[in-house]
Each structure stands twice: as structure tokens, then as C-alpha cells.
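Two forms of the same protein chain are encoded below as C-alpha cells; each is given separately, as structure 1 and structure 2.
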Structure 1
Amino acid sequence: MKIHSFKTNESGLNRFFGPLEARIMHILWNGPEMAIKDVQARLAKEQAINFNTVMTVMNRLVDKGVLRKRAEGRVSLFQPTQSLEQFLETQSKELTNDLLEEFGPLVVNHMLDALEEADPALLEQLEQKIQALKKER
């Protein structure tokens, strides 16, 4: 699943989702599968929100492939299709590939420039990855 709009002017999950989508995903990534009314109840602790609004957004997240929906009796239960860690891994890989495809060497240069302020452990990890790639070739 690929999120098609990455917002550079946002932070966290809001880079991938609208504000309500991000709040819903946060709730579902931090709990068990839930019915719409349970998600609505959690959202309502911060601000009143209409059940139909939550239902529409959750069903759109199903359509996008981010949530899975299953029926249990008369209730639909929702859960993320990936863990938060898997989602971030997938999206960051997609974004990196898109940037490399579109901008090539410029992206690599900017990433290397950004490493000047990186944690030494990250630099060591990168060096090991480069060595492994060289051995494969």
C-alpha cells in the first residue's frame, strides 16, 4: 500500500494522513481492533465528533488499504493492516525510491549532507550496509 500524498509541511502521521485519519490510526495502532463507536468515543474525549464522520473516514481508510474490516455479528471491527513500524518502513522506502527515481544523485548528496549531524551509530550502520552491498556485487 502506498500513500500517495506526502506532506512535507506536516509532522508525524499527519505527513501521510489528514488530521482525523491520523488520530484514528493512532488510536487503532495503540489498541485492539475496535468498532466505529469505540473509536468515536475515544475521539470524543478530545472533541465532539459525529459517528457518521468517523464511519466515513474509517471506511475510506479501508478503501486505501490501511485498515482491515471484519464483521462480528452486527458490528464491524477495524484494525490496521500493518503495525506502525511496518507502515513507516513501507512508506519511507516508497518515498526514498520515488525521490531517487525522480532526482537521482541530488537526493543521495542531500542525504549524505544530512549525515553530518547524524548519530555515530547511524553512520556505522550505514557503513556496514554499504560494505554488504559491495560484497553482493
Structure 2
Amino acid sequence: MKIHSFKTNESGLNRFFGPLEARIMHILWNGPEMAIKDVQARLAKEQAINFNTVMTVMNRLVDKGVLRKRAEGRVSLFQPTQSLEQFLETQSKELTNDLLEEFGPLVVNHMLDALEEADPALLEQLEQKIQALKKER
């Protein structure tokens, strides 16, 4: 399984995951390989949460292919299959492709408007990349 929906009304990891899933991924991405208990302990700092709840969700994340489970003696250790950077890289690439595929020229227009508003420096970056590409040919 994989991520197959990008939520437009959320932000950050919540765009790809449910709220609990997102918190779990956040923890695993900002720490070492962990057991369920460890993750639960972290989550419990904010508010009480049942061990089994965490386990179920973590196992679902394994099913989805975003976490890897490894048996270490009697406990299972979990870690993301991709680094956060890789994940964002993959997702943004996929989304960008999808967007172009779906909307083509329409997106090119919005791109610049959005780019300008968001961060004019990105416009520079864009232009330089275009120049670089042209030289290649």
C-alpha cells in the first residue's frame, strides 16, 4: 500500500496521514528506531493513549509501507522506510507530476503567481534552473 491522497485542508504530515498516524510518523522521523512502548510514552506526554491503539496504528503504517518492523528479541522495533527528506522528496515529486499531468499548462500559470507570493527568491532559483537546462542542450 502507499499514500494515495493529499489533503488540501490540512497541513504538514496531516496532509498525508491521519492525525494519530502523523504524530507517530513525526516521532519516528525525529528519533531512532523505537518500540511501540517508546512511541506510546512520547505520545502520552501530551495526553494519555492506550498502548494497543498505538500498536494498531503502527502496524497499519507497516502495512502501508511507510514503517518497517524488525524483531529484536521479544520486542518489535519500528522505523520509517524512508527518511523524512526522502518521503517529502517522493511525495512532492509525485504530486508535481500528477499536477502537471492533470492540468498541464494551467499549472504553469499558477506556479509563478504562487511562487511570487510565497517567496520571490524561489523565482530566481527557478530561472537559474531553466538557464542550466537550456545550456545542457
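In this text, the rigid core denotes the largest set of C-alpha atoms whose superposition between the two forms falls within 1.5 Å. None of the values given here were measured: they were computed from a predicted structure. Sequence positions of structure 1, starting at 1, serve as the residue numbers.
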| query | finding |
| --- | --- |
| Identity of the form predicted on its own among structures 1 and 2 | 1 |
| Threshold 2 Å Cα movement between structures 1 and 2 for Q125, core superposed | yes |
| Core-aligned CA displacement of L20 at least 2 Å between structures 1 and 2 | no |
| Per-residue C-alpha deviation between structures 1 and 2 [L115; rigid core superposition; Å] | 2.4 |
